[in-house]
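The chain below stands alone and is given in structure tokens; this is the form predicted alone.
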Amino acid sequence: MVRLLKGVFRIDTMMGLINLEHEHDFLNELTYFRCGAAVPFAGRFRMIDFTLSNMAKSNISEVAIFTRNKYRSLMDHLGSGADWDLDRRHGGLFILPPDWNDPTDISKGDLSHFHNNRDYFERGKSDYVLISGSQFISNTVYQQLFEHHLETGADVTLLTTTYQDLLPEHNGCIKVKVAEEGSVASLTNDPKNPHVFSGVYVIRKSLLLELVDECIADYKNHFFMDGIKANLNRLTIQSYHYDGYSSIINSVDSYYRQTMALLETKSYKQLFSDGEHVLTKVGNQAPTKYSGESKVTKSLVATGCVIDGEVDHSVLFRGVKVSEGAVVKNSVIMQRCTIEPGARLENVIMDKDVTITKDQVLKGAKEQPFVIAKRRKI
């Protein structure tokens, strides 16, 4: 039963699931040592922060994460879930790495996660499950999505959005053709269709488990493709259109493009709108120090940095040091990097704890930025 609070729907009858199984190492050097969901983004966040924050702000009090490999960094970032108010006695945050103990298990792909963690869903008190990945970046709450799902009586409701300017990252996305009254007529990979499935959808828990059993029995390996898309004619599937700011990050060039887009005031304000905070792991660094010789223009600079050189149109994460005479332009510099005197960087993505020594010159292209893996010294 859906409860009411001050005249609006409460969605604490819905549990959250962040399914990372099919999100491969799409960011090259940035995912050498971590999964894509743990990649730093927008100066002080990780990509998973946006999905997790949306769930937390939507009063979803039990959230599970399916992850298969390179999840140490993710676990370190999420901890107990306290920064998202998910360190709870009942419910809370569950990171569910692969732990296959059933020798008779024939499940594959993300279906093996559902099979081996079935008790998580059966013990949960929620009647509905909201499933998402980490590649869809938005800042919203899911109340209206859930209301739409209940009001239409749909089996599944997909969160969709429209991109008038289709970019390379949209090519790999599922496109939605919507019929009358918002019902989904087809799911395709039509490169000209601007209606994109975000990867976020709502489904009744009992139906989810029923479809999981059917897919496993038929030796399938992808819950959404084999359980939902393949049953489009059998299920009632609705579309809920999201018209807020969003982006999809599934490659190095899309990561760089969407990071640079946040240096535009309009885009930044749309993503980080007033009253809709994105939650992340708390840091306690001192304010950034700018020397008299420093020059910083049109950039995002996090706390704990020391800027003695020049920074232009760039994003600097916490604890970055830019020495006197160094120039950083059109670049993304992650935590605790050091750029020594005279070094020049342009169109560079630099992972954590990298040192660029004196007078080095590194330059990539806007279409193909130069990426440096973490803990390197150049």
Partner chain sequence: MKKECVTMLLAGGVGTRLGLLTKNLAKPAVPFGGRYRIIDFALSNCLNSRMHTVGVLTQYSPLELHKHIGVGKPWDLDRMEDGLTILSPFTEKDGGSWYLGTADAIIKNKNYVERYDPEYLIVISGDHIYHMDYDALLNHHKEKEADVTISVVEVPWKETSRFGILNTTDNLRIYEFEEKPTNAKSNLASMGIYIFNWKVLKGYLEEDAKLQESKHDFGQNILPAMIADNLQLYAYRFDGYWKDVGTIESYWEAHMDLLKEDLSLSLNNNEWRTYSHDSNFAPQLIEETAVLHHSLVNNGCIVSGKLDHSILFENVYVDEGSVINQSILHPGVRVGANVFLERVIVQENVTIPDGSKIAASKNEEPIVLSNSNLKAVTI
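Numbering follows the first chain given and starts at 1. Quantities reported herein were computed from a predicted structural model and do not represent experimental measurements.
The same protein also exists as the form predicted in complex with its partner chain; that form is not shown, yet it is the one meant from here on.
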Please name which of the stretches 155-163, 192-200, 261-269, 113-121 has residues with heavy atoms lying within 4.5 Å of its partner chain in the model of the complex.
261-269
Of the residues Ser254, Ser138, Ser126, Ser299, which one places a heavy atom within 4.5 Å of its partner chain in the model of the complex?
Ser299
Single option in Ser246, Thr288, Ser107, Ser73 placed near its partner chain in the model of the complex, where near means a heavy atom within 4.5 Å
Thr288
Decide whether Lys57 counts as a contact residue for its partner chain in the model of the complex under a heavy atom distance cut-off of 4.5 Å.
no
In the model of the complex, Gly43 touching its partner chain (heavy atom, 4.5 Å):
yes
Heavy atom of Ser294 within 4.5 Å of its partner chain in the model of the complex
yes
Within a 4.5 Å heavy atom cut-off, is Arg68 in contact with its partner chain in the model of the complex?
no
Within 4.5 Å of its partner chain in the model of the complex, which residues of 194-211 have a heavy atom? Give them in sequence order, or say none.
none
